[in-house]
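Laid out below as structure tokens are two forms of one and the same protein chain, each shown alone and named structure 1 and structure 2.
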Structure 1
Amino acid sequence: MHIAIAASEGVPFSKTGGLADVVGALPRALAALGHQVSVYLPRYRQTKLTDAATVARSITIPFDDQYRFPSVVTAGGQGGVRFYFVEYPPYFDRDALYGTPAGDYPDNAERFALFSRAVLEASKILGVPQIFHCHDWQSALIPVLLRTIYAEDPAFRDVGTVFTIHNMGYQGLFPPDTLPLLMLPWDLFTMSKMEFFGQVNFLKGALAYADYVTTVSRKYSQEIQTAEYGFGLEGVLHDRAATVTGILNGVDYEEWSPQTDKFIAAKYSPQDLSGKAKCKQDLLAAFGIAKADPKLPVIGIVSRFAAQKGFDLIALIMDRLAREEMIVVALGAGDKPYEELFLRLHKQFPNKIAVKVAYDNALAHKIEAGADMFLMPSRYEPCGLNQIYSLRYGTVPIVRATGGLDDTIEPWDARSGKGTGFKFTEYSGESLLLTIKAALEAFRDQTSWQVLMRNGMGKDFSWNASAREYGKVFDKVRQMRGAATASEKVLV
């Protein structure tokens, strides 16, 4: 089957979060199953391409003022996957992908509408797939376009669409006059389509028009059908629950494994954990605290700083946590209030919490390898990748039992020697503190701690199984569309 994946970021070309990891790895796993896979991404200033070749010099995209003419370049094939980049420098040759610390770029609707239309037009030149697999609001217009203004296009007659939600918290909300600006019909501005509290909602459009909706863990697929996690779209999801499913993200173990990781001070494995001590020393040095007692447990954090990640809970308990024998090392960047929060905590407790406000892939790997525990107290977490990486590095996750965190971490039970981490449910400082204390207590018994580490290291979250699940969804969609087309033929 030919699958075209359209997304706004993908490793190794562009990344702000886990979406990029997924878009970097899932296509290869699908190709390994025998599918033909094309990936469409915007060409940002940050996108480094060697041997880029133009495959479509000028694609016409109508806007109400004047047409715009992006081109499409390819970086060739990698592991059976062909990567294409929509190039339009006025929109994508910028400092960042989506916005600056001051806020989102004001023309994000135009930027990603142009991208989505360019993907459809380019595919008519480069090969129309059986399935368009779109991710998050930035490519959510693809299913909308296909079933509205492109509905008559014979090139797309049998094409199916699958839309994957990586995060309900980002929906692509724009003022109503975005529709005429993008030359989309006004009848999309109704409650059953894209209208949302007086605004145009791109993600809601995909929920209305995609043949199938997936999200990145089983638990999150259920949570988003409730008011607590649905960000106002729970009703829409609930109404189409029969075509909503959760498929857990996999991990690219070529990138994230202590046996091969090129960023860490020493390699190690479940059979020989000795390298981890060197990684810990190297991590402490990277944070400028090389003199810290290496026997102290180190709790690592690597994160986008956003309300989703639950760090307000740390602020609530830091004075009491600081009394414990431990060190927190945190790497993160994002929303200003959280950057300031972590810097303030470091000032207040300089011996207990070391902080780097940055986006630093090498340091992220060093934390995975050098820390003893990894903290993700998320308010909500569609899947979460870092806790799964942590398992492979023997870095024991402490997580809130939500979304993918709940699906991937099993609570440690010292008596049976089963489990992979520590979980709490209630979103409160008290629950977090109790759980961290339980982890610190367990760390004192190094013999059983190593059992816990090895339990995690032995888990397999590679992409193969999840790619098969996507394959099943694609098959279902093809059947649905095949059936629809067949009945149309009868009518004609």
Structure 2
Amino acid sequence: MHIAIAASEGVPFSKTGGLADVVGALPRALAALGHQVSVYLPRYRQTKLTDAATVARSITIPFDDQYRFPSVVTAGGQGGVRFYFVEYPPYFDRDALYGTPAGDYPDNAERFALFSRAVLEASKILGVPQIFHCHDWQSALIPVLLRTIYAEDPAFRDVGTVFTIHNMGYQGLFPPDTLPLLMLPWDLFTMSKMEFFGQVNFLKGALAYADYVTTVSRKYSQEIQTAEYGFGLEGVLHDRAATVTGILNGVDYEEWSPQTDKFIAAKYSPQDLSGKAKCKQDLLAAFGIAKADPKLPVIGIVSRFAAQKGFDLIALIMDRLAREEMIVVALGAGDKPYEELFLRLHKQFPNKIAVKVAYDNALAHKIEAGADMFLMPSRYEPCGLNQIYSLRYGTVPIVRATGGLDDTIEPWDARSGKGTGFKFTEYSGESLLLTIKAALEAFRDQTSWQVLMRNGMGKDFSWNASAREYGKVFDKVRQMRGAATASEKVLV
């Protein structure tokens, strides 16, 4: 089957978050299953291409003020996947992908509408797929366009669409006059289509028009159909629950494995855990607390510092947690109050709490390898990757039972020797503190703890299984589109 993946970022070409990791890994896994895969991305300033070749010199995209003429270049194939880039420097040759510290770029609607139309037009030149697999609001117009403006285009008559939600909190909201600017019909501005409390909602448009909707874990697919996690679109998803499913993100074990990791002080495996002690010493040295007692448990954090990630709970308990026999090392950046919280706590407890306010990939690897536990108390977490990395490194996750965290972590039971981590349900500081204390208590029995470590290290969350699940969804959509086309022919 030919699958065209459209997204706003993908490694190794562009990245701001986990979406890029998915778009970098899933296509290769699909190709390994025998699918023909094309990937469409914008060509940003940060997109570094070698031997780029133009494959579509000029594509006409209408706007109500004037036409715009992007081109499409290719960087060739990697792992059986063909990559294409929509090139339009006025929109994409900028310092950042989506905005500045002051906020989103004001023309984001135009930028990603141009990208979506260019993907459709380019596919008519480069090969129309059987499935367009679109990710997040930036490519959400593709399903909308296919069922409205392009509905009578014979090139797309049998083409299906799958739309993946990576985070319901980001929807692409714009003023109503965005529709005529993008040459989209006004009849899209209704409650059943793209209207959302007086604004145009790109994500809602995809939910209304895509053949199938997926999200990045089973639990999150259920949560977003509730008022607590649906961000106002829970009713739309609930109404089409039969075509909504969760497929857990995979991880790339070529990059994240203590047996091969190039960033860590020593390699180790489930059969020989001795290297983890060296990684712990190296981690403490990297945070400037090399004189700490190496027998103390180290709790690692790698995260965006934001309330969504549970930092409001961490703020509530840190003064009490600092009195426990443990060390906390935190890496990340984000909301100033949480950055300042950790900096203050480091001054107050210099041998117990350390922080690096930065994004540092090498240090993130050192934390995964050197910490004894990994903390992710998220308010919501569509999938989460760090808890999966932690399992492979024998770094025991402490998580809240939400989204992908709930799907991937099994509670530890010392009596049976089963489980992979610790988790709590109630979103409160007390629940978090009690769960951390339970983990610290379990750590004291090192024989039992090593069973727990090896349980996690034996789990397999590679992309192979996830790619097969996507393949099943693509097959369903092909059958749905075939039935719809047959029905249209009967009516004619």
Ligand code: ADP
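C-alpha atoms forming the largest set that superposes within 1.5 Å between two forms make up the rigid core. When a residue number appears, read it as a position in the sequence of structure 1, where counting begins at 1. Being a predicted model, the structure only gives us computed values, none of them experimental.
Participant: So which is it, 1 or 2, that shows the form predicted in complex with the ligand?
Facilitator: Structure 1 is the matching one, since it is the form predicted in complex with the ligand.
Participant: Core-aligned, does residue 185 move its Cα 2 Å or more between the two structures?
Facilitator: Comparing the forms between the two structures, which are aligned on their rigid core, residue 185 does not shift its C-alpha by 2 Å or more.
Participant: Comparing between the two structures on the rigid core: C-alpha of residue 342 shifted by 2 Å or more?
Facilitator: After core superposition, the C-alpha of residue 342 moves 2 Å or more between the two structures.
Participant: Answer yes if the Cα of residue 82 shifts by 2 angstroms or more between the two structures on a rigid-core superposition, and no otherwise.
Facilitator: The answer is no; the displacement is under 2 Å.
Participant: Give me the C-alpha shift of residue 351 between the two structures, core superposed, in Å.
Facilitator: Its alpha carbon moves by 3.1 Å.
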